[in-house]
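Below sits a lone chain in structure tokens, taken as the form predicted alone.
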């Protein structure tokens, strides 16, 4: 379990993220936007991490972000759904698509699954471009409305984003999604089902021999992963008020994978650390942007050689963060 120092560190981080930073950056929309983007990219990358957790190399998360983005855009512009209904439905749409795709492809392992998943993002892009009657083709779907108000018994629970500072509103929405996602992920991997997921990574044949339904577990994990991708895609569509076939591309899927590697595949909070470190570095060092693919490649090689367990494997004495995915805890869950 997390020790006292870990809990204090998490508490301080939440105070800084939810109170200090919004207060300091309230009149700086660019910096708010950067942090908002990093938060939602972390949510999408969390889905990639979960797929790695069951022993599959996922390079196709961009496909499900695009599916979620288009699902939300169509629900909001063509069917008149509120964003607050469209976003979870977009996640569910991405999850359902992943179930249909995942049943056959999740039987593959290693580089075979990786190559198939890599092709999914391009397939999604081409599909969005081809079905013009639904997706508007290359023109994309534009003029998507901002999230509206949510009222309960006459009390405004969430204000209409068009009536407030939308940069600050999206920042807090992204922060809530980030916190909820990783709280759920931490609980998931430290539960009984998390232990079963981990058994798939270690030895599927052994898990199957003791009665574990490995096919069903693989699909469940992949569906959760894709749900997070769909939620992230819906968020970006609402924030940018548009979606195009090229909104998520193959390089985005590769970046999502790299974020999880950089943070640490063995740690639940690895995607947060990897995403914030890498994304913020490039955002604030604009001169490096043209060399981004080269630097990403160098980082990947360096990680494999010198830091295979990611940044979170660099631990200070006495500061065990309690974030390592440890299925042994789940035996009594």
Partner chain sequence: MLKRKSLMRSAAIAGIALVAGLAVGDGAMAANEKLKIGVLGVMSGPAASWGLVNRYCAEARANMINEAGGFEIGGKKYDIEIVSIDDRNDPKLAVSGAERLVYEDGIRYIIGPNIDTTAAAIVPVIEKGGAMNIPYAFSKDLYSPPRSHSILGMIASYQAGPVIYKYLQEKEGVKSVAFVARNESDSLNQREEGVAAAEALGLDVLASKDTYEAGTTDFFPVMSRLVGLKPDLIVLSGVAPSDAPLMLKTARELGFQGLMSTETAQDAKILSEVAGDAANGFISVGGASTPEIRSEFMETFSKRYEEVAGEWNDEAGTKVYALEILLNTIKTAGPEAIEDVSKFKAQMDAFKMTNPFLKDGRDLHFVGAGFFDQKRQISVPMVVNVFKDGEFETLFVGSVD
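Predicted model only: the values in this text are computed from it and were never measured. Think of the rigid core as the biggest set of C-alphas that the two forms share within 1.5 Å after superposition. Residue numbers count along the first chain shown, from 1.
Just so it is clear, the following notes concern the form predicted together with its partner chain, a form of the same protein that is not shown.
Peer 1: Among 149-157, 238-246, 84-92, 171-179, mark the stretch whose residues have heavy atoms within 4.5 Å of its partner chain in the predicted complex.
Peer 2: Residues of 238-246 come within 4.5 Å of the partner.
Peer 1: Would residue 255 count as touching its partner chain in the predicted complex under a 4.5 Å heavy atom rule?
Peer 2: Flag for residue 255 set to yes.
Peer 1: Is residue 99 a contact residue for its partner chain in the predicted complex, using a 4.5 Å heavy atom cut-off?
Peer 2: Residue 99: no, not in contact with its partner chain in the predicted complex.
Peer 1: Against its partner chain in the predicted complex, would residue 132 count as a contact residue? Criterion: heavy atoms within 4.5 Å.
Peer 2: So residue 132 counts as contacting its partner chain.
Peer 1: Though only this chain appears here, would residue 139 touch its partner chain in the predicted complex if you measure heavy atom gaps against 4.5 Å?
Peer 2: Yes, residue 139 lies within 4.5 Å of its partner chain in the predicted complex.
Peer 1: What are the residues of 138-176, in order along the chain, with a heavy atom within 4.5 Å of its partner chain in the predicted complex?
Peer 2: The stretch 138-176, when checked against its partner chain in the predicted complex, contributes 138, 139, 142, 143, 165, 166, 167 at the 4.5 Å heavy-atom cut-off.
Peer 1: Just checking, between the shown form and the other one and with the core aligned, does residue 276 shift 2 Å or more at the CA?
Peer 2: Stays below the 2 Å threshold, so no.
Peer 1: Superposed on the rigid core, does the Cα of residue 296 end up 2 angstroms or more away between the shown form and the other one?
Peer 2: Yes, shifts by 2 Å or more.
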